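Subsequent text provides structure tokens for two forms of one protein chain, presented individually as structure 1 and structure 2.
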Structure 1
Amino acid sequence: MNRKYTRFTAAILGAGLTAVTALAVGDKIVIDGSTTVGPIAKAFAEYYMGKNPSVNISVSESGSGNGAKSLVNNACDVATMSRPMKAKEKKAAEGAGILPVEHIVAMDGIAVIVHPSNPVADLTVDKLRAIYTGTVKNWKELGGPDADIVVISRDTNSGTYETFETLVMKKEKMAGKTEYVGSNGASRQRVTTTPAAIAYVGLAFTEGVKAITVDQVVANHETVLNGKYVLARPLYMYTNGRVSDTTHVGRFLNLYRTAEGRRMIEDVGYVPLKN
């Protein structure tokens, strides 16, 4: 009697579990990778799940490298990356029978901002690096007033920091006197109130401060998209093989082309691609 009952329960449980797993597998999208692209993926996921309540999307931000690894191990459907996949990673994918397909979903541009009263209007990337490594200490050396430069950086957690470090610092380390703040808004706040400050922010955060040109190029959507502005880089999503537009993954990925998706990309501080 007892044993029969146990068997019966086990059977029901087993059937239930199988059904649930089948459902879950069908409608689950796993996304892993860059902390920079993470906000886009999260905004898309929220939007997509709102439209399709049966779909479950999980977004992890473990870094671009881990995203690539995940894709190679078939542990995610979409790998978000703030750099293109390296040859080594592509080779590993080939070995594992995975065909990584690249999609550029948006551009990431960084504006360099100073106080509106600061006469300095242009800096080269080398000068910028010199300011952040502490070799250039006074605005006087750059044609500005005689004031010690207050160097402000984003905290090392942020994607903006990561981008700046890649594009400007080139493996050199920031000076000890560099001040770290926790958000783009805080960077801008510090610069609006500090005449001798310099900081870098996402393109959406230049109101009320002076965005200087880098290598004589103004930072705006156009220069970021046409590649003239140097402090910019594409943001990627990788999938295994071409995905059909009829699948959830395909429809999710194509959001970046829609008006709604472009608005979301702008909301999280990046530059949507031209249609």
Structure 2
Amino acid sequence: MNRKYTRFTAAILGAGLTAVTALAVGDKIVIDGSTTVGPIAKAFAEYYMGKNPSVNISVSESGSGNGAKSLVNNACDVATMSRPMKAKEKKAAEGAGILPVEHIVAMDGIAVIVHPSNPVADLTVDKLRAIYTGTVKNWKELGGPDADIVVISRDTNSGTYETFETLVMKKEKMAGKTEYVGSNGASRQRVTTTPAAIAYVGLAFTEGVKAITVDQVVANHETVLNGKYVLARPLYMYTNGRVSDTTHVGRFLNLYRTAEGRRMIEDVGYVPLKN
């Protein structure tokens, strides 16, 4: 993987440590967390239950932060997250006797989306930041129509929000008029129905809207993997300790390593890891 992502890939792997939640020992797998990783988890769940009819897999999409809380509270077997766990989350896990183990299952690019009727085709990271801070307020300042920009952001519990905040905002605050929504789907819907809107979503959520280039680079599989697209990030699943390949959770997690798993990741719009 490109050196750009090395900061994301430090897994908490205690040698010889294994832990399985109470839920994982039966024929039930509970998954909670990111709306971005949700399509992968749902595709994997449908496939796995098709192969194992006795297994029931539930997938909730309450946000990356809530996924981390669910794992800490032993309320899920797998926490899906579109950002790495924070130090304070790991500390809370340690206090609860939970050992979060990181699994990078795919790559994603955060796509910047506008209404299909908007003629603006590219923004630099600096211009994107200027929009979200409120420095640039009208599309005509960017070569677009004379219309006030409707700025849409993910809610602050979202891993996508936190990645955007890190890669684009660079510690600057979003404008007071920014609208916050609870999912990638809600962001896309807002842009679909609002010609002057702008939002950011995972790659799997660009249907029906216009994904513009950022710094003249399109977000696709190639540019995400080679690091040319600046708004790229890994996608995660976390478990409580290492899970054995003999358990349903272990076999479910390992799908991302298989040819079928990589196909499913591509089918839902994300980027599978290289072999």
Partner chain sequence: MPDSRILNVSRDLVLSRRASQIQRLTSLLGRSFLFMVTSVSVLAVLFIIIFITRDAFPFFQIRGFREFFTSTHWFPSGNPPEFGALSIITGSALVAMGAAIVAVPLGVLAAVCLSDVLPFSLRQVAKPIIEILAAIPSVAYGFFALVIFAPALQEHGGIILTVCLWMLALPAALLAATVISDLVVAGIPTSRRPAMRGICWLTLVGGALFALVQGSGHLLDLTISSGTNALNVSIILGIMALPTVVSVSEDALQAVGRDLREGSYALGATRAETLVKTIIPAAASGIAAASILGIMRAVGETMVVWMASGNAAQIPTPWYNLLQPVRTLTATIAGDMGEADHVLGSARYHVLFAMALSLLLFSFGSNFVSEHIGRKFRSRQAGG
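Numbers given to residues start at 1 and step along the sequence of structure 1. Computed from a predicted model, the values in this text were never measured in an experiment.
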Legend entry - Which of the two shown structures is the form predicted on its own: 2
Inset, instruction - With one rigid piece of the chain swinging against the other between the two structures, say which of Asp108, Asn184, Ala79, Ile57 is at the hinge. - result: Asp108
Legend entry - Hinge rotation between the two structures - smaller rigid part turning relative to the larger, in degrees: 34
